[in-house]
Ligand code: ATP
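Next comes just one chain, in structure tokens: the form predicted on its own.
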Amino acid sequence: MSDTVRTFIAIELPPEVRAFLTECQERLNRAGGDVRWVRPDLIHLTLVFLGEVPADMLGDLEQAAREALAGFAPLELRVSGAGHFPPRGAPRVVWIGIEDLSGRLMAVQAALAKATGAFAEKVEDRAYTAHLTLGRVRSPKGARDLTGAVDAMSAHTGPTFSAGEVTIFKSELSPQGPAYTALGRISLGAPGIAR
């Protein structure tokens, strides 16, 4: 049996966005709630989660992703809004939203998902929702106050940023939390017809 690598494809965030997310976490933390907050340096905009990919197929995966993204121009994105999953009932995941000012994020995500689906451990059957995970709720303690604080931030707007590349990551899980290693970076706006 060949070795596998837990893999996902995402957009990394600039420092000003990470600083904004830290402020959001601090604000929500004051509301109470039993939340395991994600370290801001580990937050990213996931485009495709592939799960365990055979190590000997990573080169083919990167090539498929490069071909899918050929001709896409950089994206203009803005951190905007807040919410939780599931949208009704007790929250399990607290997130900050992403507004697509360029109008191309969904096309980039769909192209990547289609091109890399053959490498995925399991193809995602839910519709894609662009979001940045701030934390995962561990218990119902303080959930009502946390939900109120998240709802109060639903119209909150943060920094605008340009996303000029997509990164293929290796994810290693441990009791201390996840560690992410970049396996490859793909520039948007590479030569070709801009989409």
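The structure presented is a predicted model; accordingly, all values stated were derived computationally and were not measured. Numbering starts at 1 and runs along the sequence shown.
Omitted from view is the form predicted in complex with this ligand, to which the following refers.
Contact with this ligand in the model of the complex, defined as a heavy atom within 4.5 Å, holds for exactly one of 136, 66, 27, 141, namely 136. This ligand is not shown here, but in the model of the complex it comes within 4.5 Å of a heavy atom of residue 46. Taking the partner from elsewhere, residue 171 is found to have a heavy atom lying within 4.5 Å of this ligand in the model of the complex.
Contact check for residue 124: a non-hydrogen atom falls within 4.5 Å of this ligand in the model of the complex. A residue is said to contact a partner when one of its heavy atoms sits within 4.5 Å of a partner heavy atom; residue 39 fails this definition for this ligand in the model of the complex, lying far away. Scanning 3-39 for heavy atoms within 4.5 Å of this ligand in the model of the complex gives 6, 8, 36 in sequence order.
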